[in-house]
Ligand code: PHE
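One chain comes next, on its own, written as structure tokens: the form predicted alone.
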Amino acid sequence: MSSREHWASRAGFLLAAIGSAVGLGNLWGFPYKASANGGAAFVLVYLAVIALVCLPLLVVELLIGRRTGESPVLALAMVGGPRWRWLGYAMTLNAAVILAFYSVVAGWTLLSAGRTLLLGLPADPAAFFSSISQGPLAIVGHLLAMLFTAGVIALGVRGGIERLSLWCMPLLFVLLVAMAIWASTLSGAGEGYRFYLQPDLQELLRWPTLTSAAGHAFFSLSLGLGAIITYASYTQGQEGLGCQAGMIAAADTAVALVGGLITFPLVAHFNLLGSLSESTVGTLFVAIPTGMASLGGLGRWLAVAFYGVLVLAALTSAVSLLEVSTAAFIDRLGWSRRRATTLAVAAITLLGLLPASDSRWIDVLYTVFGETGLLFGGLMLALLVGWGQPRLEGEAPLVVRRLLRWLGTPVLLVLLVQSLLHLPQVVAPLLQS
């Protein structure tokens, strides 16, 4: 324990934890799902689930990591006993597989940002995205994303993860706010805001709105895969868990909400509201670049800023995913950071060649690991803590344990069953080809 790395500052930990939670799901999935599920009705349910289900789970992950000072495999065995060690292994595997396809998507943002910065917006955004979404260029993007992520992790907690977070997260926030202010000046912004913020109470009674918002709230904070446990294991302070969890959840939610304040005015200005709910990938990588190209030189630099935000969000999340596997090798096997990083990166990079070669695998892996796997991990944590784990009763606040028992457990169980029922629809097209 004495040789284990620790954060140099409280701000470094908080920004790193926020960076772990803030990802493409905030800027990519949130506007898409909101537009498809009643706009503001979706947002209201999302906020309620964040407060009542996600915050208690976030407190638990922070508590487990800080109490044990270990990554998930050893941490869960220390908290729940040896029979819970398997959950730590499952979380570590889940984080590795998610990174394998997440790095491919991060590669799309890197290639799009680089192309726009160096050469300007492509004349045919659809053709350009088709060329980078799978095949040789997608593999190049995947390798670039993994190389950058590996470099950060190899530098350690303070020299890599914390330093990246201290620079990137404030820059991400500044870019987001600046773009939201600019988007508010566009013609059609009012229509976009109305679509986004005007509640439709009838939508609050629709099952798809409820389950979609609840599911995305859970995914948005990256709960159930061990990243927050791992980051919390490097803390030494005694700050209130509720305060830390609240700041992480508030920042993550704010990014998602501000992302909508950018996306909806943009799509309204370029008359894309009808297409937003049809394809979020098409909107981000085809429709919005097409619209920005109509603005001439200004559009190019706005696109650079837009993709810059996506790159920052993608890479800070990728770093947290890789740290789960790296920390497991270090804690469980006693390996050096460099050796652990090398093996984890090699395995994940090889696995990522599959979705990079055929983008249909992204939907399959996302559904199996990014949805079902996360929900399963969250449900197990809710059962472990909410149903009377004696070793945590004196530390986990009573309100947290009761919320996990009577609200978190049933909500996560319903979402998990729904995700399992959805699996055949996602896998079938790939198996039939």
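Residue numbers here begin at 1 and follow the sequence given. Quick caveat, the model's predicted, so the values are computed rather than measured.
The protein also exists as the form predicted in complex with the named molecule; that form is not presented, and the subsequent description refers to it.
Student: 16, 165 and 326 - do all three of these have some heavy atom no more than 4.5 Å from the named molecule in the model of the complex?
Tutor: No: none of 16, 165 and 326 comes within 4.5 Å of the named molecule in the model of the complex.
Student: Counting any non-hydrogen atom inside 4.5 Å, which residue from 341, 222, 233, 112 sits next to the named molecule in the model of the complex?
Tutor: Contact with the named molecule in the model of the complex is made by 222 alone.
Student: Name the stretch: of 396 to 404, 57 to 65, 24 to 32, 375 to 383, exactly one has residues whose heavy atoms fall within 4.5 Å of the named molecule in the model of the complex.
Tutor: Heavy-atom contact with the partner occurs in 24 to 32.
Student: Under a 4.5 Å heavy atom criterion, is residue 317 part of the interface with the named molecule in the model of the complex?
Tutor: Yes, contact at 4.5 Å.
Student: I'd like to know whether residue 321 contacts the named molecule in the model of the complex, with contact meaning heavy atoms within 4.5 angstroms.
Tutor: Contact check for residue 321: yes, within 4.5 Å of the named molecule in the model of the complex.
Student: Does the named molecule come within 4.5 Å of any heavy atom of residue 227 in the model of the complex?
Tutor: Yes - in the model of the complex, heavy atoms of residue 227 and the named molecule come within 4.5 Å of each other.
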